[in-house]
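First, one chain by itself: the form predicted on its own, in structure tokens.
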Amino acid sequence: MTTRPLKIVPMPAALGAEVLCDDVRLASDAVIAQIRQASLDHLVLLLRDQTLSDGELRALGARFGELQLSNPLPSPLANEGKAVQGGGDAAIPEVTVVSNIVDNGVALGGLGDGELVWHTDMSSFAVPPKQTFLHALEVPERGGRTGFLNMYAAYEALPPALKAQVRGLNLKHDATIDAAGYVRKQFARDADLDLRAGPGSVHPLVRTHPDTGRACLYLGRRARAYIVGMDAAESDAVLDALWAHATQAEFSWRHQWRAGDLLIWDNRCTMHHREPFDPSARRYLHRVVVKGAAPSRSA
């Protein structure tokens, strides 16, 4: 058991809280239950000064549910087969590496150093993950902040006419383009298909969180998204209005990383974004994701 009583300190923002505790690897089941509840209450959690090996990160994530294997993360070298996608141990495939580091022509992870647009992890999957755990091993002094959006608050604050319009609609989440703007190698031949025909999954545009019962917008990412049943122009107009509304600063919180930081966020009711940073700086983070359920909405 950790020696310091757990304390949850909300961020002065629309979401997020810092979890003040000692070594989370030693947390009792009761402490994990408190952290799980804090995640539901605050959507994004920050735990500072954590030291986790790949195996320990996997073990911690598994205390919140079954882990899910990730897509290979993109990098400029990935399509040439010159990227290492896993962590330091091939026996722990649940861990993926988010990094811009290139060693002897081999990318040690993915997602590089550029901007990552607002998105929800793996929303184009039929069953997207419910949580992401991201642990910082090396980070630059400046840049590379990760921003988060509260999609409960964004939905609740929609103008009444737009809120009534989107209730009951379904959204096609395109799989061809990732958050870094790369066309995924396995979908390269599909990138020019009509929005309605490309690979991806259809989910409710307004989903119901299975644990809290609250409704939230579920936008995934903007590129090639399509509202089922509309013509492309009408779909784009509605989605442009939703994105302009949902990405306002009043729904957001931004985190400046330090080595040892562990962020835990709920993919079902948040979106996130990464700011670019100096390509000469080193950034190295390890990630696991927890399996979720297919998005649904209440009657």
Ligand code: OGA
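Everything numeric in this text was worked out from a predicted model, so none of it was measured. In case it trips you up, residue 1 is the first one in the sequence shown, and so on.
One more form of this protein should be noted, the form predicted in complex with N-oxalylglycine (OGA), which is absent from this view; the next part is about it.
With the partner omitted from this view, the residue of Leu219, Leu134, Val95, Cys216 that lies near N-oxalylglycine (OGA) in the predicted complex is Leu134 [heavy atom within 4.5 Å]. Put simply, of Ala225, Val206, Ala107, Leu116 only one has a heavy atom within 4.5 Å of N-oxalylglycine (OGA) in the predicted complex, and it is Leu116. With a 4.5 Å cutoff on heavy atoms, Arg274 counts as touching N-oxalylglycine (OGA) in the predicted complex. Although the partner is absent here, Asn100 lies well away from N-oxalylglycine (OGA) in the predicted complex, with no heavy atom inside 4.5 Å. A residue is said to contact a partner when one of its heavy atoms sits within 4.5 Å of a partner heavy atom; Phe251 fails this definition for N-oxalylglycine (OGA) in the predicted complex, lying far away.
Asn150 falls outside the set of residues with a heavy atom inside 4.5 Å of N-oxalylglycine (OGA) in the predicted complex.
By the 4.5 Å heavy atom rule, the three marked residues Tyr155, Gln165 and Trp243 all fail to count as contacting N-oxalylglycine (OGA) in the predicted complex.
Of the candidate stretches 226-234, 52-60, 264-272, 243-251, only 264-272 contains residues with a heavy atom within 4.5 Å of N-oxalylglycine (OGA) in the predicted complex. Residues of 37-57 placing a heavy atom within 4.5 Å of N-oxalylglycine (OGA) in the predicted complex: none.
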